[in-house]
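The data below hold one chain only, encoded as structure tokens and taken in the form predicted on its own.
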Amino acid sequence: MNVLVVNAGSSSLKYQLLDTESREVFAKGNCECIGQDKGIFGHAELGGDKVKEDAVFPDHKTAISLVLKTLNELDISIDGIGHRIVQGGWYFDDSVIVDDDAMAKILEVAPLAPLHNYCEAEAIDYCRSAFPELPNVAVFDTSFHMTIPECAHTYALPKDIREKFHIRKYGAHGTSHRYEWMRAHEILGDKVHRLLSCHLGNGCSLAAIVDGYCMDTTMGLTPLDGLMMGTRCGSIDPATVCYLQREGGYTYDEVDDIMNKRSGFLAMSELTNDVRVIRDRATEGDPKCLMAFDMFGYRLVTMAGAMIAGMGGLDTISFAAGIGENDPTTRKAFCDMFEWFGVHIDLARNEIRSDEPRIISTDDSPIRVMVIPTDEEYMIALDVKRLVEAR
């Protein structure tokens, strides 16, 4: 089945057209600077180099219309369209074929992810109108985490407030964590039961997965919670928000901007949120960059410990995303901190760079450690295939 996967962000839209059987990617690209005076359209097809050109995207409908027009010239049939939706709220514990009811619910839960759900809904709306014969499938970042036990996803707030505003731990990166479990199980079979999935990129989260079910994750009501990230502060005392507003005179919007866009690696390095640059500077001895990695590593280890305890043990660890897949130093530091627990990393294997899943622990390590390059687009495409064929 040929599936078009659409990932609409607050000011961008990425896409990929692929075959679910062969995993061949026919075309992929992105629309940048949506809603601004000048944008960029990048497109690559049939394994060729990406070609970029200037474009103007007043909104996401304009962006997806250009994508569909460009793909039409490729003359490859599209059997279904999959859309990444950040927030499924309290409604969705699985992906769904979009109908009017699903669209209404996606918009209803949008206040939990206002920068994403509304623009994703725009893209879906255009696709449904332009190609009513094609099934559109919504794949939610949050659905994988709906199996988290009540004691782990509930916040100790008054019940009437929790229920009125639907406050709970929703998590994020669920499609990536689900892919990590799928690939680990395909490779290891019955050897994997308790997996710690580490999605470490500009956004970071951990997930505790037992036999394919998520037991806990580090992100919370929003993706701000949990680990320190590229520009997000991660978990802090929630009273910090009140303190900054009361004593600092900051508005809600200013505090939101500080914690989501001006914190994390960017704040600690006082340089950039690009971890590659910070790693180079840390290697050269830059004290701010060294501290940034020390903080990241400490929080990574302590939160991983909580995830391991929450699922009652561990037999497998997987690393994914930009840092997880490409930074052997972070992987080694993490594994060294759990050596007492039975994690033994093979130094040579850890240094190998590859786009293929691989085991980097020693042959005699009681706990297997893997690098599994994530592929959320393929996971979304598989959901489209599963739901369309089941109709």
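All residue numbers refer to positions in the sequence shown, first residue = 1. Computed from a prediction, not measured in an experiment: that's the story for all the values here.
A second form of this protein, the form predicted together with adenosine-5'-diphosphate, is not displayed here; the remarks below concern that form.
J.: Can you tell me which of 112-120, 190-198, 316-324, 89-97 lies within 4.5 Å of adenosine-5'-diphosphate in the predicted bound form, counting heavy atoms only?
T.: Among the candidates, contact is made by 316-324.
J.: Answer for Gly203 alone: is it within 4.5 Å of adenosine-5'-diphosphate in the predicted bound form, judged on heavy atom distances?
T.: Within the cut-off, so yes.
J.: Spell out, yes or no, whether the shortest heavy atom distance between Val275 and adenosine-5'-diphosphate in the predicted bound form is within 4.5 Å.
T.: Result yes; Val275 sits at the interface with adenosine-5'-diphosphate in the predicted bound form.
J.: Is there any non-hydrogen atom of Lys69 lying within 4.5 Å of adenosine-5'-diphosphate in the predicted bound form?
T.: Close contact is absent here: in the predicted bound form, Lys69 is far from adenosine-5'-diphosphate, nothing within 4.5 Å, heavy atoms only.
J.: Is Arg353 a contact residue for adenosine-5'-diphosphate in the predicted bound form, using a 4.5 Å heavy atom cut-off?
T.: Close contact exists here: in the predicted bound form, Arg353 approaches adenosine-5'-diphosphate to within 4.5 Å, heavy atoms only.
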